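Just one chain is shown here, as structure tokens, and it is the form predicted alone.
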Amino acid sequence: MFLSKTSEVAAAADTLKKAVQSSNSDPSWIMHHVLDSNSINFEPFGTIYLPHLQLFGLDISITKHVFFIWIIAIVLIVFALIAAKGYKKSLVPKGISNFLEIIIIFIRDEIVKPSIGKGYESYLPYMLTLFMFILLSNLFGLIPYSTTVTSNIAVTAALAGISFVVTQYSGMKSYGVLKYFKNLIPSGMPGWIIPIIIPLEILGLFTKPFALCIRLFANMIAGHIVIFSLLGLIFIMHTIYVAPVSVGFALFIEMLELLVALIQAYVFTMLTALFIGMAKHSDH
């Protein structure tokens, strides 16, 4: 609750400056907060400009989202090391070890094991990493001066792409390449309809990761746009009397974002596990 209120105060201060500089019909100040950039804004304390890098003519500059992906990765590694160190001292988990064990058991027993079935153990580390990364990325967006990297479609596309590769590899590993694609066609299908079914099934292989990508991206970016739009009503209407309603609704949406952050991490992980299970047992 404290982080959310602090985040709103910091966002409102920066929003005021952008709104004053922009016309009432110009929404660029909202996208300024949502989109990726080559700087990290700490107004009113200043701005950190990230380095521009070129490699063989390609722009590989470190952006705000890339920087926070590194931060999230470091936090996850630190948590894992602390938990591992705790288990070396005692088999009874405490603190962070206890918290992570709850998440691990939930992901294992409620998502991975029922969805994938036999051989789920080899996929558990990936599923845990996927869930924790998405959850932490979503929650980081609620911290003042931070950003939500999962509101970048390039990030969600990369996550969905990895899940797609893991899914196809799992199916081909279980059946072989030819039989895996043969299993995509339902048995007993009339011969005349097979030319129609084959393109649809192949398209279906790509629509699944596409849905994962768009769902996570849309849910995370929508919440932020709504929050800043509500705050912007104060400056668009040029009156402070709308502030209690505007800020109140913005705080409600941000509280809702806490729930959305958890739900989206769960849904992405659950669907990935389900797709892998379908690929491994496509003949059923």
Partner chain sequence: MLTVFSLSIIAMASEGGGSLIDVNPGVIFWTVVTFLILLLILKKFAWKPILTALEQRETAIRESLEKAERAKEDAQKVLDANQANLAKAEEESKQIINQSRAYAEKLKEQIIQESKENAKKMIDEAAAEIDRKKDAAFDELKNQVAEIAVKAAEKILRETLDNETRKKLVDKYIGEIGKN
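Numbering follows the first chain given and starts at 1. This is a predicted model, so every value here is computed, not measured.
Keep in mind that the form predicted in complex with the partner chain is not shown, yet the notes after this line are about it.
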*asked:* Even though the partner isn't displayed, in the predicted complex is Ile77 close enough to the partner chain, meaning a heavy atom within 4.5 Å?
replied: yes
*Are any of the heavy atoms in Phe252 no more than 4.5 Å from a heavy atom of the partner chain in the predicted complex?*
no
*asked:* If we define contact as a non-hydrogen atom of the residue within 4.5 angstroms of the partner, is Tyr126 a contact of the partner chain in the predicted complex?
replied: yes
_Taking the partner chain as it sits in the predicted complex, is Ile105 near enough to touch it, meaning that at least one heavy atom pair lies within 4.5 angstroms?_
yes
_Within 4.5 angstroms, counting heavy atoms, which one of the listed stretches 167-175, 182-190, 139-147, 83-91 is next to the partner chain in the predicted complex?_
83-91
*In sequence order, which positions of 202-239 have a non-hydrogen atom within 4.5 Å of the partner chain in the predicted complex?*
Phe206, Pro209, Phe210, Cys213, Ile214, Phe217, Ile221, Ile225
